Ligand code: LER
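One chain follows as structure tokens, the form predicted on its own.
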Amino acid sequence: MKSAVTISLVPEARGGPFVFWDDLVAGCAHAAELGYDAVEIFPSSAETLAVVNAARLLGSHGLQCAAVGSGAGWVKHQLRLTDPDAGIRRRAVGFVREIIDAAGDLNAPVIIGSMQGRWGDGVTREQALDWLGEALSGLAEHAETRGLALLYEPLNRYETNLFNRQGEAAAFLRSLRSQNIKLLCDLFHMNLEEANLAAALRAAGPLVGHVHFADSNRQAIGWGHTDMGPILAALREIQYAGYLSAEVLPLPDSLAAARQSMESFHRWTTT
């Protein structure tokens, strides 16, 4: 398994669970100094990655890009793939397609999390899932043309009412016409929704495409009460070789959270 740390370039998301903020140059320098394999970037738009010349910057530090987030589509632009307004849904798909194109230069999968939206306000669950499935399939097919995968993240019940648990999300993904979609399994969300985190990971098996390495309180691993032993055992059992990416609150500050996340990564991946 490989290590990654998050960097947000979205001012509107300030206060969220990202280790480094605003400055990709400084974030990459810190990540490299601490020994991370990669960074996970949350840009305001596809253009953001071009402006900061992300590919050159990562290369200069010997870093990979673990994934690129699309959450700014919701946080900044109020775009959702299941919005009742067809025009907004089209704009949401267009926003993610542009992120995919930009991520192609970084050889990084793209995350669908908060942009999935929710059902209600006149939209039935069945209709919302039809819209979500069509959007995910189309975006996954587009990502495949760039040699990338799409990552779908089940969120906790306070953030979406579509899919909250890995098993139900995995069943949904298997029903779609594109199979170029993997699960992003976020340990913080899973702590709220799963009866047994390790069992959920085992059941998802080869669909696990990315892991957010966060403790029960959304702080760095080791600063909450998540029992990591069974989780790492399950990941090894399913032969997961991807990233454990620290998407955690920058507490008590960014550098402390990054150091603790890296110490925990070494502790749990070398035992």
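Residue numbers run from 1 along the displayed sequence. Note that the structure is a prediction, hence the values are computed from the model and not measured.
One more form of this protein should be noted, the form predicted together with the ligand, which is absent from this view; the next part is about it.
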Exercise: Thr160 in contact with the ligand in the predicted complex, heavy atom 4.5 Å: no
Is Pro109 part of the interface with the ligand in the predicted complex - any heavy atom within 4.5 Å? no
His189: touches the ligand in the predicted complex, heavy atom cutoff 4.5 angstroms: yes
Is Glu153 part of the interface with the ligand in the predicted complex - any heavy atom within 4.5 Å? yes
So which of 212-220, 45-53, 28-36, 198-206 is the stretch with heavy atoms within 4.5 Å of the ligand in the predicted complex? 212-220
